[in-house]
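Below sits a lone chain in structure tokens, taken as the form predicted alone.
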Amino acid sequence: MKVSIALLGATGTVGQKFISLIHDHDLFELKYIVASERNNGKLYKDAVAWRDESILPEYIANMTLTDVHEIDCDYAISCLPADIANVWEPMLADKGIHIISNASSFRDHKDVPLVIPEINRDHFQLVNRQSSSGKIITNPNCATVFLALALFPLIQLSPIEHLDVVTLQGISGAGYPGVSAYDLLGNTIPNIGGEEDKLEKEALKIFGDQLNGTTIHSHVNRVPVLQGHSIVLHVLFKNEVQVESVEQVFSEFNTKYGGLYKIHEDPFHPQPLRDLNPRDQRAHIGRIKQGGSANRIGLVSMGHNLVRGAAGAALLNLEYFHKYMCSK
């Protein structure tokens, strides 16, 4: 039998992407879909303006939206705004439902794991400190994911002294309708409220002692790209690190972690429009170059902000946390 799950925030951009990823899953079955209270009792197809690239599965289109207080299942995937997640997630955890959250509400809580499974799934053990019978697990901010995935192999080469980070973030990261076309067409916006703080704090929490003493300086930008976040990263290592060593360690990690990376040798890639697909869980790495000194490396890390940066990240945490719970 499949494991039953609920989806909270099912009509939003991330909720739609999660449906496109979960509907044919081998292990998990979407039993409840939840949106705002005004939609309770409606058919999903009547409540949603479906914008995902995939076709809305018919059986999900004809599911009835459920009141959040009526769900009874093993896991709930939260694609909620933070203000609602603040209330709903602890309430459901107290009922014994495990929450896999894409919301920012509890990411910085010391007892809540902030997990990218390939990097730090050992952090799942933090749930043992939570008093509720259901546990809350979070995935990082979308830009943090592609920063962390780029750092993952690099920290094997040398201690890192400093990171300079510039992001180019697609408009779908702001949800729908996102940023006004009047503001963004032919333009870039050199700030996203709260994003730099999230990026820096979350990276340090994910890596813990591995980034002990590392300083991070970031600039975030909203750009006129529909889907895809690009991270321009300059890494100052304590020791000398050569381009050839960086290329080799990414190749080794790509083999070890089953295609986690797409390495681009063409200097005009990665590009969001050309290189991403609608179910893309990879970090695309390119423009690896020496950064002006023997201990400085620059590169670009790019990925699908709605997949690996949000809905796909939650799905991976669901899969790995379920394995963790079954192993206890």
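So that there is no doubt, residue numbering starts at 1 and follows the sequence shown. Quantities reported herein were computed from a predicted structural model and do not represent experimental measurements.
Quick note: we don't show the form predicted in complex with a small molecule, though the next part is all about it.
Can you pick the one in 96, 175, 194, 213 that has a heavy atom within 4.5 Å of the small molecule in the model of the complex?
Residue within 4.5 Å of the partner: 175.
Work out which of 136, 79, 199, 231 lies within 4.5 Å of the small molecule in the model of the complex, going by heavy atoms.
Comparing distances to the small molecule in the model of the complex, the residue within 4.5 Å is 79.
With the distance limit set at 4.5 angstroms and only heavy atoms considered, check whether 13, 35 and 310 all reach the small molecule in the model of the complex.
Every listed residue reaches the small molecule in the model of the complex, so yes.
Can you tell me whether residue 107 touches the small molecule? I mean in the model of the complex, with a 4.5 angstroms heavy atom cut-off.
Yes, residue 107 lies within 4.5 Å of the small molecule in the model of the complex.
Is there a non-hydrogen atom of residue 84 within 4.5 angstroms of a non-hydrogen atom of the small molecule in the model of the complex?
So residue 84 counts as contacting the small molecule.
Check whether residue 306 has any heavy atom within 4.5 Å of a heavy atom of the small molecule in the model of the complex, and answer yes or no.
Taking the distances in the model of the complex, the answer for residue 306 is yes, it comes within 4.5 Å of the small molecule.
Do residue 167 and the small molecule come within 4.5 Å of each other in the model of the complex, heavy atoms counted?
No, residue 167 sits far enough from the small molecule in the model of the complex that none of its heavy atoms falls within 4.5 Å.
Heavy atoms within 4.5 Å of the small molecule in the model of the complex: which stretch in 275-283, 38-46, 259-267, 22-30 meets that?
Looking at the other structure, the answer is 38-46.
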